[in-house]
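Okay, so here's just one chain, in structure tokens, the form predicted alone.
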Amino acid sequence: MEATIQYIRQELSGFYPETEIKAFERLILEHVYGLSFTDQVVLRKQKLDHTCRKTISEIILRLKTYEPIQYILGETEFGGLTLNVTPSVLIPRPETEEFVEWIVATDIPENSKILDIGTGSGCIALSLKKMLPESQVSAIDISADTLLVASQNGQQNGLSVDFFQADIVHWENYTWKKYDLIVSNPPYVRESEKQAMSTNVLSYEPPGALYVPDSDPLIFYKRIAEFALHFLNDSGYLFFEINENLGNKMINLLKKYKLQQIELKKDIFGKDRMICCRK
């Protein structure tokens, strides 16, 4: 195993920081050989089957183009769930795990009716269903390809979520239920902020899940707030993940729609990352 680890380190040196290369080592050995992190520590001196070297070489070649390892391996971990990810879905972030934990820590009734808007891989909806098993969770996305991935993730994790296709910007065109909790991590990166994004995001992740025009960066939040006025139950919760630079504008937006108990929360990096309110 040590020879394989050394090979990975040598090939990726200069492309990524050492800490990231170590994370890649763990993920590659787990994916290719089925070795848990504990196995990797205990069996470190054991020789590995060299017939898998070609697979590892192909993974490294793709990493050298800065393709996200989650897309290369086709999966990622989120909140204790193993999720399929393809280039049609945004890769779930650790900040979104924080977001889910905050939602669950709120006094949400266990049998709540929940709607996740812009579900992507299904990470938020499926995590909420896992943590609140008595809840009725629905999730929408504009992309059929994205919903296919989310549905597969529900099936493989044994979690029942009602996934369906809808464009929230034109929510008036659909029939809706009433919900106790509406949650969304919509596109919020302004076009002018692209230059600050890393190569792996710019080149590989779906732009439709990321970017909004500078002229109307809160377009999705406006439409969802309007939607919530019609379909969120009284005293129901509305949770958003947000652009770290637009926290005050989000507060003002929610006040405009007469939403109450607005709370802005920072993530582990000290950035304004999430906000909640009640109807």
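All values derive from a computational prediction rather than experimental measurement. Each residue number is its position in the shown sequence, starting from 1.
Absent from the display: the form predicted in complex with a small molecule. The rest refers to it.
Quiz prompt | Every residue of Asn185, Tyr188 and Glu241 near the small molecule in the predicted bound form, heavy atom within 4.5 Å | solution = Each of the three qualifies.
Practice problem: Answer yes if any heavy atom of Met197 is within 4.5 Å of a heavy atom of the small molecule in the predicted bound form; otherwise answer no. | Solution: Heavy-atom contact with the small molecule at 4.5 Å: present for Met197.
Self-check item: Contact test in the predicted bound form: Ile69 vs the small molecule, heavy atoms, 4.5 Å
Solution: No - in the predicted bound form, heavy atoms of Ile69 and the small molecule never come within 4.5 Å of each other.
Quiz prompt | Close approach of Lys113 to the small molecule in the predicted bound form, 4.5 Å, heavy atom | solution = Output for Lys113 is no: heavy atoms all beyond 4.5 Å of the small molecule.
Quiz prompt | the small molecule contact in the predicted bound form: Glu101, any heavy atom under 4.5 Å | solution = Outside the cut-off, so no.
Quiz item: Out of Leu90, Leu159, Ile108, Ile140, which one falls within 4.5 Å of the small molecule in the predicted bound form, going by heavy atoms?
Solution: If I apply the 4.5 Å criterion carefully, the residue I get is Leu90.
Quiz item: Which of these residues, Met250, Ile60, Leu210, Leu232, gets a heavy atom within 4.5 Å of the small molecule in the predicted bound form?
Solution: The residue in contact is Leu210.
Quiz item: Exactly one stretch in 168-176, 151-159, 123-131, 90-98 has heavy atoms within 4.5 Å of the small molecule in the predicted bound form; which is it?
Solution: Correct option: 90-98.
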